[in-house]
Structures are given as structure tokens and as C-alpha cells.
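First, one chain by itself: the form predicted alone, in C-alpha cells.
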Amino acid sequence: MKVLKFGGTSVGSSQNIQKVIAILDEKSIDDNVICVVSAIGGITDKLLNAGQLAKNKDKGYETAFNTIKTIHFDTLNALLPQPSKAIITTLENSLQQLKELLNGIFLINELSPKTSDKLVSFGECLSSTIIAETMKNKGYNVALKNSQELITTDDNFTRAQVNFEVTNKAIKSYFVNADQTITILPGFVSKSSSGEQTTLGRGGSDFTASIIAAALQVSQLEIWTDVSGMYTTNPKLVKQAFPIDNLSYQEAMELSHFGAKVLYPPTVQPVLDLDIPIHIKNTFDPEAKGTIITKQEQQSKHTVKGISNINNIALLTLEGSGMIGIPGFSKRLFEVLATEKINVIFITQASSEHSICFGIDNADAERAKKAIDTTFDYEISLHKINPIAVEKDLSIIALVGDNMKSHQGISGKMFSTLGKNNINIRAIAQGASEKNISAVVSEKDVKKALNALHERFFESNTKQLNVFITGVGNVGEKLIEQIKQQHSFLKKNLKLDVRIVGLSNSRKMVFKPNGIDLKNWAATFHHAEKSSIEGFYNKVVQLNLRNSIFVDVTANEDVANIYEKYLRHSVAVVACSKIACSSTFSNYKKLQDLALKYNAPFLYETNVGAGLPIINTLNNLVASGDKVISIQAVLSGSLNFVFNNFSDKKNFHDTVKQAQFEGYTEPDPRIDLSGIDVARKILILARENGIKMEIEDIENKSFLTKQNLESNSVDDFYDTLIKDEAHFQKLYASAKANHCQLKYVAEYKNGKAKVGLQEIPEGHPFYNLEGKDNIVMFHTQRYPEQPLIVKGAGAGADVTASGLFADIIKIGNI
């Protein structure tokens, strides 16, 4: 004999019921089948809502009743286009009883637990009647049996306790004489020994099936639902979640207790002692393997079997110095909760006995606080303990697995993963069996926590990076293209899944939590919302994704000023702009400190030398204990291009125009030619070397004329270049006469820095520097005579984008 249970979604429509019938047809080929069914999906909630409306003297209960009636008759008519008068009469009689019950609730203005059980019992009774009649009409050897005639309970309405001795006897007695092939039973419903209708609690249809399976000692209990088994975590929140092949009873109960809704926790108990396997199957994918739950601990490549969560948790804390060493506080506390029938989900106590912390449902929080404060009123008045503290809108995250007890470091991995993602842990509990580690976190962090933990324990160490890019001009476009091109390589070789989740330009911004399609990313802007710096930041924080990285590819001071906010929310920052790091030293230091405090990397390799590893090289020197004596560098690809192309045969104005046209200068070339850009770069290098320095401390010997420097606009600036051509030719002639090349050089030595145009002699490493190349020479204690040199292209969209990309990858590897 086989016992199958089908949930509310499985019988939620006529089409779904047809699938159930097909499964029962196949299962009954070689054995008798007992089928336990839930109410049609959503009906239990509709019944409770109708009851509440009636209780509140709201005539809307009549509309609610009519909706319930329509759903059932629509389902019947879809299954049986010409239903018999008998089934119509049966349904109408049942629904009339329901209407009379609702009318009574309306008249007396009361909905007691006893009446509530009568009310919700209609759901399963109606669905089982429709399914049984449909199968009879199709010629199946089927019978409908009311579970209330088999399952006897006490009078604890809404969560009745089963009298197994009487129940098991009734079940065996009925089925030993039953000659039908298929038996349909309503789940959830039962009857007390005094004859009153009771229910087994929400999710009780699973329990009904388990009771039947245990009483008859069947070979296997099948729970049919709308997913292919119990998942590693909630698949609605974690797209990478997958079904678990095997679980032990203990693992299944732990996962169910902590929110896995596929299985109702008490279901396990009747079959546990008899070692009857439970098989979770998918009504909509019957061929899927599903999850098998057995007594035996199963071998698995994953130490953690599943990650579950319970939302709507309130954390209550009883604390005070008067609790220390005084017996009885815990007893009194939990007696109060028991008296109020408040279920405790989570408990932890400080070893100092100074505080007891426990988690309950949000809905019970105020009632619990009032009762506890009343009980401990005397101690509170003497200031021995504090009034109970209540925190709401929390969730419990739980790691579950039988094999966790034999593996070290699971807790450390869990808490470090949460910490790295700025998920604050409010309380922790771990049983001595080590099969469950629980942590209380804010409900808003649940999705991020589940994704981060699932990635850590189940996804072959593949780390997902969620990237948000502001500025999709030339460099931004190249960065997007590089990420698209290297996506498969990074995932395969570095175990990094880089997803671009948000993009913005000066006009619009777009977000796709599951990742933007990089093959057609530009089209997403067509219907995007209006962009704003603050709006982009707010959306990043609202999405609250793990391993979030904000990439600034602008030269906007307002964007740079918001880095602090990102870091405070543990969002890593990758900056192309030099604005933040060359601002005041106090701001530079603050950003460094925030990056450390909130475990959010702040990287800006492209600030100096675009894609060249200049800052990284300097950091490695300092970190390894080397001491930098001096730095000499050509750090402006723009200026190097200009002076490599300027000559007595080509005027300075045209050379600068060419540099701007080819993208080697800013739209306003005065920024490059004034030397301020180079000054900012050497300032950043000095600061990375541990020197407290401001931009004003750098000596800037400008090669421009007073007219050039005082120009009011870009056009005016170009006019002055023409007027002052003789000045620039004089600079060129001097260098040529001395067999030198003109290079704009930045220098740092003995805590001081300067920038300016220099004549570089033949044989010097800077002499043959071509095109837009940069070069940096580090003289250190380890490189005193022959400097450490970094040289290469220091400007251009491709190399700048590659520098940004390298910083993103570096964050992924941290």
C-alpha cells in the first residue's frame, strides 16, 4: 500500500488536479493507494479571512463566501462538464453549512478556536469530495473517507494532539476491510474524543499522511508539492539553490522547523521510529528525483545540507545584574510564555547569567513583553533587572547538517561570510549536537545572507560579484565589453561570476538584480528611469546584494563625495577618478579607515598610470618592509604625447588640438597642461607611501605662460597658445640644443614633491619614452642604484578599463 499527499498548489486548479489523477493512475497499477489532499490552494486563507470579516461585523464576509463557492464550482465544472446532481447537491449542502457557520459568527461577533477549526475544515472536505467524484466519474475504483472518522485528538483546538492508540486502531480497522484501489482522504482535519471537529495545525495535511503511513507501516510516504524536493535553501531568494537528494529525519526536521515549507515538522515523528522513508516529489515534474528522507545519515560532498530561515521574528532580552547566581529566573520566564501559549523559536543565554535572549513570532511580542514585565515587576522596581527589551523585524538563519559535528570551522565560515557582507548578527545559538547553527539577523538582510552563505557552502567556491557602474562613456563601454568577453574565463579559472547589476550615465540609470544582458546592454537605457547620484546609491543599498562593487568611471566631484556612503554599507568602491584620493588628506584617510572598518575594499589603481600596476607595486614594496627613498615619474600620457609630437616643424597649438582630438586630454586641456593632474598623481603616490601631504604642498613649476593660465575658456586658451607660440618654440629649441627631450616630470624625495617640465638627457630612462607612455622609477633601500621601473601605456580607454577590471578581480580574490 502506498500513501501519497498532495498539497494546496497541487490541487489548486482543475488542470493541476488532472495531473494528480494521472499520478494516482500510475501509482495504483500494482498497489492500492491512499491519497491525502489539502484544500484548494489559497482556500484556507480565504476561509479565515471570511471568518474574521464575519467576526468584525463586516458584511464583506458574504462576498468572501461567494468567492469560495465560485472557486469550488468552477473547479468541479472544469473537471466534469456535466456533473451529477448528487455531487452538486453534496457541494451545495456543504457550502450551505459553511454559510450558516459564517452567519452565526457574524451574529455572535465571536470566532473561537473551536469555531475556527470547524470553519477551516471545509477546505479539505470540499477538495477531497471534488477529486473523489471526478475519479469515480472517470471509472476509477475510488472511495472517499472522512479523516475525522479515523483520527482522534484532544480538545486543543487549532493544534490538536493525536491519540495514537485510538487513531491507529481505527485506521487499521478501516483499511483491512477496504476493497477500493484508491482512497481519497481530506488532510488536516480530525475529531476530538468528545466528537468536536479539530485540526492538526497549519501544514497538518502532511501530518495526516504521516499518521496513516505509520499506522499501516507502509514502505514509503510520498509528499507531492510544487518543487522537486527540499532545496539547499529557498529557491525564490537564491536562484542557485538546488534539490537535496537525501536527508536524515533530523536534518529534515531542523530545516522544516527553520522555515523550509516543503515539509511540516511534526510529519516526521510518526514515521521516524518505524524508519519509513519520506519522498518529496514534484506534481509538475513527476520524473524529477526529489528528496528522500530516511533515518540513516547520508554521505554527502557538502558538509552543510541546507540553509533555512524564519522571518517575522522578535528578539526579547531579559537582563540585569540581579539575575547572576540567582536560580529560578529562567523557570519563571518560560512559565510565563507557556501560560500565554507563546512558542519560543530560539534561545541563547550569556555564560555570565546576566541575560537571556529568546526569539518568538513578531505577532506575540507585545503580549509577551506585557506578561513578562508584569511577572518581574518587583525585580524591575528594585532595578535588579531591566524591563524586557524587544527588537522586531528580525529573521533566523540556520545552517543544518548531520556531518557538521565532525568538521571544524563551520561556524567561523558562517560568521565571517556574514561579516564580510556587512550583515550584523544579533544573537547566536548552536546545539551540543552541532547539527544546527542559528543566527538572528535583520529581516532586510535575509536575501543577501542566504545568497552569501549558499555561495560559500554549496557553489564550488564560485564567488558572485555584483557590479554597479556609474559613467558609461568611452572607458565605461570598454569595461563592459571586457567583462562580457572574460565572463566565462573568470568563472572557470578564477571561480568569479562577475555580473553587472546597475548602470548609469548622466541622464538615465538601469538596474537588473539578476544581471544585465551585456550583449544588448545599451538597449536597456531606452526605458530606464532618470538618473541621479543619490538615487543610484539608494538603489544599490536597497538591493543589498552580496559582494557589491561600485565603479566610478566619471570625473564628477559629487560622485566622489558619495564614496563614504557606499563604504559605510560595505559596498566596495573602485575609482577611476582622482578626485577623492587627491582631496584633503583627512578625507583620503577617512576613506581608507572606512574601507577597513566595513571590510569594503577601496581601490583606485587607475588614478596613477591608467592600467599600469603603479600603486599596487608601491603598496607591495611598503607592505614587504622596503623603504622608498625617491620616486621619479612621467605620469601624464597627455603631456608625453604632446611633447613627443611638438617640434619646430609643428606648432604647439596644433599638437594640443591633435592630442585632444585623439582623446589623450580632457575636454578642457588646461587640466592636463597646467600640471595639476600630474600633481594629484604624485600626491597619491606620496600618500600611499605613508606621507601626510596636501596638494598645496607640491611645487608646480608650470611651463605655460601667464596668458595661458589666466584664459577664461577653452577657446580663449587655444587663442593664447597661438599668441605664445614663440614661448613654446623657445622651450623646444633649448632642449634640442642640449640634446635633450622635453618631459613633464613628477618627483618625490625626502617627504617633498614637485612637478614640472624638464630637459631629459640622452641615456636617461625617460629620454626615449614614446607616445602616451608613462614611466615610474622607484629608488628604495632594496633598489638603491638600479631603480624598480614600471613602464607602459598610461592613457587610453582600453588600458584604463583594464585597470578598473583588474581592481574588480582583485576584490573578488580578497
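Start at 1 with the first residue shown and count on from there. Small disclaimer: the values here were computed from a predicted structure and weren't measured.
Just so it is clear, the following notes concern the form predicted in complex with a small molecule, a form of the same protein that is not shown.
Taking non-hydrogen atoms only, K519 never approaches the small molecule to within 4.5 angstroms in the model of the complex. For S205, a non-hydrogen atom is located within 4.5 Å of the small molecule in the model of the complex, even though that partner is not displayed.
Interface residue remark: S38 is counted as part of the site for the small molecule in the model of the complex, having a heavy atom within 4.5 Å. Using a 4.5 angstroms limit between non-hydrogen atoms, F188 touches the small molecule in the model of the complex. Partner contacts here mean any heavy atom within 4.5 Å of the small molecule in the model of the complex, and among 195 to 203, 454 to 462, 161 to 169, 377 to 385 they occur only in 195 to 203. For the candidate set E254, E124, D552, E605, a heavy atom within 4.5 Å of the small molecule in the model of the complex is found for exactly one residue, namely E124.
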